[in-house]
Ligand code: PBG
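Only one chain is included here, represented as structure tokens and corresponding to the form predicted on its own.
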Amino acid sequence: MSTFPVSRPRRLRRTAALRRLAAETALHPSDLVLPMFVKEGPTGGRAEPEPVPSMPGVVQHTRDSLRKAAHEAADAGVGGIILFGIPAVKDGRGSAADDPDGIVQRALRDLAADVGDATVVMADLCLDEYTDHGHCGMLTADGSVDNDATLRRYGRIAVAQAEAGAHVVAPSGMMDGQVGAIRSALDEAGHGSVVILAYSAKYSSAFYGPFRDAAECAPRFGDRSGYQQDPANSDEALREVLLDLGEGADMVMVKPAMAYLDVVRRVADAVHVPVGAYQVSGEYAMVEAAAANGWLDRDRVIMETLTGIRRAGADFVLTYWAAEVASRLR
């Protein structure tokens, strides 16, 4: 036994109330953003949402079910909703992405009318969900992604999403110069107040597999390692973040989250804008699968992972558990 006065950290862990009082990291409903998928039927509508087999509890929404789920999320206090669309028809240039009558634009108008400013309405801005080849941009004759032609498409998509009511557009294609092109297009179209959340550090990750089922966007050939970041690198992530901020990004994101918490920390320490982290589909699916087999305590693991992401420095977290956890926290 110690013979001199000493601090005993265990004293602060003795009761739940003491642990709450001494907690260094807090998780609030407004820290959470809910990713949602909306799928267009062959005639523009479907009767029922379709479950995503690799993501238990996640569905491809109809417009009606999306509206209901968005209301529930807003009522639970989530900080935002980010929308991904699956059109009925895809083509080489992703025409549905900026079509005013495209599924995402119609869904954005629904949400703008329904939830207004009760939560932040975001739109993922990319082409992979809309192209028949599954890549994030326009292709050259040899099948590689044409960076500059893609920037022009991104600008038009951003304007279409802003005009449909998006508060935030979130470019995720990892094209060089994408934030600058989008900021210029938005400003020229009179949408200078629309926020850009840049997927600045988006890694070429194996954790995206279930998402590609949900968004029906797996590449038909090759992969995305030519434009997404190498998982071995973190200095590169900081360079990308600073480039995006220099081009006009208002917020930045790291994706995935759990395998890149060191990157989240480095980015949070380096910048003075809100930093997001995306707890991606593979992270979600692993926990749900393990919990279904009785291998771990689902609810505790969900809260532990989200707290860990916040502790690493993320100001907000995109997670498929957002509405559930927000309801639990209220």
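Computed from a predicted structure; not experimentally measured. Quick note: we count residues from 1 along the sequence shown, nothing fancier.
As for the form predicted together with this ligand, it is not shown, yet the points below apply to it.
- Between the options 254, 123, 126, 107, the residue in contact with this ligand in the predicted bound form by a heavy atom within 4.5 angstroms is 126.
- Residue in contact with this ligand in the predicted bound form (any heavy atom within 4.5 Å), chosen from 167, 183, 90, 212: 212.
- For the chain shown alone, residue 281 is a contact residue for this ligand in the predicted bound form, at least one non-hydrogen atom being within 4.5 angstroms.
- In the predicted bound form, at least one heavy atom of residue 228 sits within 4.5 Å of this ligand.
- The closest non-hydrogen atom of residue 316 lies beyond 4.5 Å of this ligand in the predicted bound form.
- Mapping the unseen interface onto this chain, residue 202 counts among the residues with a heavy atom inside 4.5 Å of this ligand in the predicted bound form.
- Only one of 194 to 202, 93 to 101, 236 to 244, 112 to 120 places residue heavy atoms within 4.5 angstroms of this ligand in the predicted bound form, namely 194 to 202.
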